[in-house]
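What follows are structure tokens for two forms of the same protein chain, given separately as structure 1 and structure 2.
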Structure 1
């Protein structure tokens, strides 16, 4: 098992590559969700402002 994690001397390269890929995949999920929340908040704010102007 130790040899598997050592990976013939390339462990740092291999595990860091896995780590970077994992971070990018998580970011690919979280960033659009965050952007959507920001856009929805902006739209709600605009709708409230328009309603106040119309009233």
Structure 2
């Protein structure tokens, strides 16, 4: 197991590369999902306000 993390002496390069990729790819999932929630909330509020006005 220690050997696996050691990566034949290239641990710093290999794991930094994998770490940065993981970070960017996870951020690229979370950001649009968060934006979607915000957009949906805004839209729902607008629609409700409009219907209240109409009623």
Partner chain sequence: MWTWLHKLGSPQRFYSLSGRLIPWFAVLSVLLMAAGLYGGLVLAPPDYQQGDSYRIIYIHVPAAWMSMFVYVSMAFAAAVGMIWRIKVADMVARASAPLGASFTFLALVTGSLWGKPMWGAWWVWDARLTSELLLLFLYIGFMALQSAFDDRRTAARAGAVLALVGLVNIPIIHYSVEWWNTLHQGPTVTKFDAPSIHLSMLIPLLLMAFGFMCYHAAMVLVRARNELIEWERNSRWLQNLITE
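Treat the numbers as computed from the prediction; the structure is a model and nothing was measured. Only residues modelled in both forms are compared. Only the largest set of C-alpha atoms that superpose within 1.5 Å between the two forms is called the rigid core. Residue numbers count along the first chain shown, from 1.
S.K.: When you get a sec, tell me if the form predicted alone is 1 or 2.
M.R.: It is structure 1; that copy is the form predicted alone.
S.K.: After fitting on the rigid core, list every run of 3 or more consecutive residues where each C-alpha shifts 2 Å or more between the two structures, in sequence order.
M.R.: When the rigid core is held fixed, residues 1-14 make up the only run that shifts.
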